[in-house]
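Only one chain comes next, encoded as structure tokens, the form predicted alone.
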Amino acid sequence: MRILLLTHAFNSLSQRLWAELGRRGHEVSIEFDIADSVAEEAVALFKPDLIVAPYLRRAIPESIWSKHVCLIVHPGIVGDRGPSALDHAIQQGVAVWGVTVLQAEAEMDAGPVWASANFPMRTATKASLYRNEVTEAATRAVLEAVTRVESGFQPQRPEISAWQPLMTQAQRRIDWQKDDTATVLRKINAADGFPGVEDELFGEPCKFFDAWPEATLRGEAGAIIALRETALLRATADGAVWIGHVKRKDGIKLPATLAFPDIAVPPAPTFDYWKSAHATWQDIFYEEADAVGFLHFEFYNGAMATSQCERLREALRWAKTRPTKVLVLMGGQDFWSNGIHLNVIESASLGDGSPADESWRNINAMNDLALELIETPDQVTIAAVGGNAGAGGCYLARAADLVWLRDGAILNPHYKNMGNLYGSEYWTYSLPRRVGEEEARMIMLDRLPLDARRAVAVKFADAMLAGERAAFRIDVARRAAELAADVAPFLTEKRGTRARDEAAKPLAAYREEELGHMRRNFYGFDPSYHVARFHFVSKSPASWTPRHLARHRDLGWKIPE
């Protein structure tokens, strides 16, 4: 079928559905939901057999749903209605939630149900649940619904609940004197990603994101009692929570200590890289078993600022001294890495700093980290990519000897969507030698996602492992232990290849060439990168759908006969 994805943005769910539907032989095109007239034009051009809306912020116009089957992906159980479905479910602490695929009609979230899928809730942020459980359930439900559309299935109307309006900040408000840690976590988790919880710090209004529990440190309820690296610790009625990210009024979302750089707060006890035995916020930690080291780095949204790259490089250098034969870089639960930290870079423009200078520092810190990984002669290195990865994060992963992907992970191994960035992280060395010159050129020019199966097929990645996250971690540990049992042949070949590659063209030459392009991106006359970064950080609504996504807008496109 010809399937039009009508979506507010090409987010993790939209990308997953685009990949899954395309692999099943459907012809898929994408249109951003900018205005009724734009959506109507897309439908007229593409003449879809089916319209799927995985992520919308407004209703599909009657001019479309009255003439075409339009399937809405609602992040709620059958019968649930309203725009804050997942927010309410998290804040109320429900045990089971789900996704419903229903047909668009005049009454919102009340149309016939084509498919649904439920999942057990876990204690996590809304953004994390959306990227994981909601995406997996939505993928299953949409694929089932598409099959049913093809088969002539007649959907049934469910019993619907009362409309739940958009959750207000009054409903999200934290009472620091009365709310216990679990309640505070639910409220911030339910607002994570967007819109955040309105509160104040140091007498200034702001929004909170990215909360983690603290098991041992205590203080006066509501007080900021400690900091660690980029997070602030605030006492609750019965404990404390770490606030990882803050958005000040009229500002941008930043790591909490960067949002308030001049505060006087005592530092919390720091830990070595071994995983802490109690619940706390620790963005880099290490575990070891069966001659295998596991290095975790849980960076919010996968963004890696200069200081985070430097700390991770220090941790990597330490891990390389351990008596292990295999070193696995696990990344974070939701993202492995998305490369340089655009929000921190943009924040340089708010003071006396220079976004170009901070971009330069950040990309060099990323390169130093990638080089540290490439130059690991005595251990087999593995990037175990359980979460999504993008841009420089993909090439940090590719700096490892092996890349293992979770079935369901999405990669965006290109840079040009961010103002025509050239990219670095030694991609000109690591990519062509893996996939070949022509495939490397297509990956960079097409600017399209790679799902795990496609990434393995084109040899960007080495293996696809289990899709369920706990099973993925078990699979990674088992395979790494098996590899550790006999690494000598692998290491001998690795050292020989690296020596030959270095003799043919030193890594320093690749870096110099890449940074020559990046210097022009950062400091040159073309402001495209700076403009694109500003709009990305500001979450500016899209003004058009990029042509590489909207196939129906290609000048040479025509409806297949």
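Sequential numbering from 1, following the sequence displayed. These numbers were taken from a predicted model, which means no experiment stands behind them.
What comes next is about the form predicted together with ligand COA, which does not appear here.
Trainee: Between the options G82, G193, G222, G79, which residue brings a heavy atom to within 4.5 Å of ligand COA in the predicted bound form?
Mentor: Filtering the options by heavy-atom distance leaves G193.
Trainee: Taking ligand COA in the predicted bound form as the reference, which of K325, K253, R172, R406 has a non-hydrogen atom within 4.5 Å?
Mentor: Selected residue: K253.
Trainee: Looking at ligand COA in the predicted bound form, is some heavy atom of each of W242, T280 and Q282 within 4.5 Å of it?
Mentor: Zero of three within 4.5 Å in the predicted bound form.
Trainee: Wondering, does T125 line up within 4.5 Å of ligand COA in the predicted bound form on heavy atoms?
Mentor: Although ligand COA is absent here, T125 would stay clear of it in the predicted bound form, with no heavy atoms inside 4.5 Å.
Trainee: Given that ligand COA is not shown alongside this chain, does G387 nevertheless sit within 4.5 Å of it in the predicted bound form, heavy atom to heavy atom?
Mentor: No - in the predicted bound form, heavy atoms of G387 and ligand COA never come within 4.5 Å of each other.
Trainee: Quick one: is G339 in contact with ligand COA in the predicted bound form, heavy atoms, 4.5 Å cut-off?
Mentor: It does: once ligand COA is placed as it appears in the predicted bound form, G339 has a heavy atom within 4.5 Å of it.
Trainee: Heavy atom to heavy atom, is F536 within 4.5 Å of ligand COA in the predicted bound form?
Mentor: Heavy-atom contact with ligand COA at 4.5 Å: present for F536.
Trainee: Pick from 289-297, 115-123, 151-159, 419-427: which stretch has non-hydrogen atoms within 4.5 Å of ligand COA in the predicted bound form?
Mentor: Answer to the contact question: 419-427.
Trainee: Could you pull out the residues of 1-26 that have any heavy atom within 4.5 Å of ligand COA in the predicted bound form?
Mentor: Contacts from 1-26: F10, N11, S12, Q15.
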